[in-house]
Every structure is written in C-alpha cells, then in structure tokens.
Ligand SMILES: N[C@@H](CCC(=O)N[C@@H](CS)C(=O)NCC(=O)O)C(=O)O
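In the block that follows, a single chain appears as structure tokens, in the form predicted on its own.
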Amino acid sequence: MTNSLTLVSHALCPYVQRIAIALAEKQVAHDRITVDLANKPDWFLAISPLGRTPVLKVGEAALFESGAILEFLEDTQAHPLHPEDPVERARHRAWIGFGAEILADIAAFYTAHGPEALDARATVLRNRFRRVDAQLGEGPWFAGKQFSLVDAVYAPVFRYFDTVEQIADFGFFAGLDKLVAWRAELARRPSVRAAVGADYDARLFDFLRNRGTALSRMMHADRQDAVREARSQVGTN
C-alpha cells in the first residue's frame, strides 16, 4: 500500500508496543509521534475517540484500538504474523484477547491500595501465567519456530516485570519454565527491544513509585531502607 503510516504513541503504553513490534517484524516504514496522555493535544483527541493510544494514521485516515490496527496490518502488509490455518488463527486471536486481560490484571495489581488487595491481584496474575505456560510447546515462540502476533502481544506484558521484579519477588513465574524461556527469548528480539525508548525502565519505575498505592509504598519503603543502610555504612568508614 502507498499511504504513509504514522504511529501515535505514548512512552509507556503496552498496546503501542505491540503495534511497534508488528511494524518492525513486517519491515514497514513508518513515522512515530509520542503524545503526553496527561496533557492530550486537541489534534490527538480529534482522531482518538477514546483518548487513548495507539492510533495509526494511514494517510488521512486514523485507526484506533490495537486489535483493529494489528488486523489491518495483517490485511495490508507483507510478512504475515498470523498462522494460515483458520483454527490456529482463531486460537491465536483468543490468546491475544487473553493477553489484554492480563494487562488489565497488571493495572489492577499496581493500583491496588492495600497489602491484601496487592496479594490477591498477584495471585490472579500467577494463575493467568500458569494458563499461558500450559499452552506453550518447545518454543522458542508461542507457536514454535514462527514468531506471531501472540508473541508481539505478550512481549510488552513481560516487560512490566523487568521493573516489578526490582521491587519484590512476587513469584509470578515460579515453576513456569517454558514461560520463563519464552520471556527471555522475547526480551532478546530486536523488534521487542526497539519498541520502547531508552528511558522506558526509568519512566515506568517513576510511574509506579508515584501512584500512592500499595506497590508504590513498598518502593518508598525500600528507598528509605537503602538510604538508612548507606548512612550506616558511612558512619562505619
């Protein structure tokens, strides 16, 4: 297709990342614009009915909702990321939907306001990941040797935990050897690495720390402990 493509994104949005990964895997030339969702410009609100990212501008048209954008890319671009078999394709779409549920569970986890709610949300996530692990074969990807849209969708899911695991060990992936191996392969994939900016980890850490939730209180407590430990070391030198 000849229309120019522009991905309208936000620095932390996992739904943007899945589009960026798909575009990279399909080797599609495109521009990328980042918006501040805390201060949404009028031009963005005019093309995003829900006021959310991602939006893919296709010439003068604007597509919103990541699922619709992924399907558009499958319909119009080379290097398909869906399997050819209709049953497998439908199964992949279902697990993409499951990935969206996990993202909602992650949001519920980091917005939980008390320790009990945080633990309950962590349990939900552990159960979700056990279900995903049961679907995996020999790898390295979700469907074996072929990288698919399911992989593009779960890479941003796992990226959250690179930061969360710095805060505390919630055991999200304990005993899930296939899922752990899949996560590691995704983290090494060039399209996955390039889907976010170099400051992503720092941005996400600050985002989580400043929300006034149970998780952010843990982060502040850890920081205070580190300061006290540093001061005590100074005093003994």
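Just so it is clear, the structure is predicted and the values come from calculations on it, not from any experiment. Residue positions are given as counts along the sequence shown, with the first one as 1.
The protein also exists as the form predicted in complex with the ligand; that form is not presented, and the subsequent description refers to it.
Although the partner is absent from this view, residue 13 contacts the ligand in the predicted bound form, with a non-hydrogen atom inside 4.5 angstroms. Heavy atoms of residue 58 never reach within 4.5 Å of the ligand in the predicted bound form, leaving it off the interface. In the predicted bound form, residue 51 approaches the ligand with a heavy atom inside 4.5 Å. In the predicted bound form, the ligand sits within 4.5 Å of a heavy atom of residue 40.
Note that among 168-176, 207-215, 61-69, 181-189, the stretch whose heavy atoms approach the ligand to within 4.5 Å in the predicted bound form is 61-69.
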